[in-house]
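We begin with a single chain expressed as structure tokens, specifically the form predicted on its own.
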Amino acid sequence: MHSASIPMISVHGLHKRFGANQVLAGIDLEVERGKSLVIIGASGSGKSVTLKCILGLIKPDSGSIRIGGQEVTGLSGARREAYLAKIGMLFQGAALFDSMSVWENVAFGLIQARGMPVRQAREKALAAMEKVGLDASIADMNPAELSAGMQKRAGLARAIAPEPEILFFDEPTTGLDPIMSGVINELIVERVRDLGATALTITHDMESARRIGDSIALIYQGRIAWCGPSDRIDDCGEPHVDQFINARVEGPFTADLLRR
């Protein structure tokens, strides 16, 4: 099979249990190279666990995770480092290091993971900051001096600075006002397109999902209840999707939520 036809991210039969709680019960999803998939679902549905399994932060009980056709479950040492070098990550809340300046945060992966000389890493960090609308004048500031929106953009700059093949976004607009959420959504779309990267996002924000995703998948009871093009989600006819995207009180989710 030609490499271009192999999905960049391929997950099949992913299971994960925590004690008596079966969080993932057979997740199946694929993301084509250069495409963007958004995973939506109720709180506790398994979105974050799925992402952490793909990143190797959690070991699944069973199932396959392939990146570019290579099985990555259970990787360790140099092979795991090589896999992680392909990835950029925007964490929920940006997750900047308070003890580092803004540019040092952006350059963190370049210096720590790739061993890039500090001067070169600073230049790349400043270039990445410019791409997300952050002026070089804030480079030496402490992250605590930045607004929430600027912190999120600094986190995005850190994710794109190494020019990764894959970008993961964890609730990218959480804690932001609607206008700044729109700015972040647009920046994500533009930077993913510029890099030609494959993107996987988890969110409960439907505005983000519609803007960022070429396709959207809904997790329900540990499985993918529906997956399809983002422009088809409103008329897909799946009752779980209909309740979720329209924030309806009544529907198949309700009984589960009331048991929590």
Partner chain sequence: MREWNFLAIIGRLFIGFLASIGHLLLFTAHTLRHLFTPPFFWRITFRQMLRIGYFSLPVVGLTAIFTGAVLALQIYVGGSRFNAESFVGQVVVISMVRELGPVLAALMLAGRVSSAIAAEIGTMRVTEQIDALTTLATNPFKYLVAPRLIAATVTLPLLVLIADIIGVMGGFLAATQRLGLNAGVYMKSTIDVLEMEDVTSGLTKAAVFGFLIALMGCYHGYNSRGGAQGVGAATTDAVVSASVLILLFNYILTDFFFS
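Computed from a prediction, not measured in an experiment: that's the story for all the values here. Positions refer to the first chain, counted from 1.
The form predicted in complex with the partner chain is left out here; the points below concern that form.
A.B. asks: Classify Ile179 as contacting or not contacting the partner chain in the model of the complex by the rule of any non-hydrogen atom within 4.5 angstroms, answering yes or no.
C.D. replies: Judged by the heavy-atom cut-off of 4.5 Å, Ile179 is well away from the partner chain in the model of the complex.
A.B. asks: Using a 4.5 Å heavy atom cut-off, state whether Leu55 contacts the partner chain in the model of the complex.
C.D. replies: Leu55: yes, in contact with the partner chain in the model of the complex.
A.B. asks: How about Arg158: is it within 4.5 Å of the partner chain in the model of the complex, going by heavy atoms?
C.D. replies: Yes, Arg158 lies within 4.5 Å of the partner chain in the model of the complex.
A.B. asks: Quick one: is Ser147 in contact with the partner chain in the model of the complex, heavy atoms, 4.5 Å cut-off?
C.D. replies: Taking the distances in the model of the complex, the answer for Ser147 is no, it never comes within 4.5 Å of the partner chain.
A.B. asks: Would you mind picking out the stretch of 181 to 189, 81 to 89, 67 to 75, 129 to 137 that comes within 4.5 angstroms of the partner chain in the model of the complex, counting non-hydrogen atoms?
C.D. replies: Heavy atoms within 4.5 Å of the partner chain in the model of the complex occur in 81 to 89.
A.B. asks: Can you tell me which bits of 97 to 134 touch the partner chain in the model of the complex, meaning any heavy atom within 4.5 Å?
C.D. replies: In sequence order, Phe97, Asp98, Met100, Phe108, Gly109, Gln112, Ala113 come within 4.5 Å of the partner.
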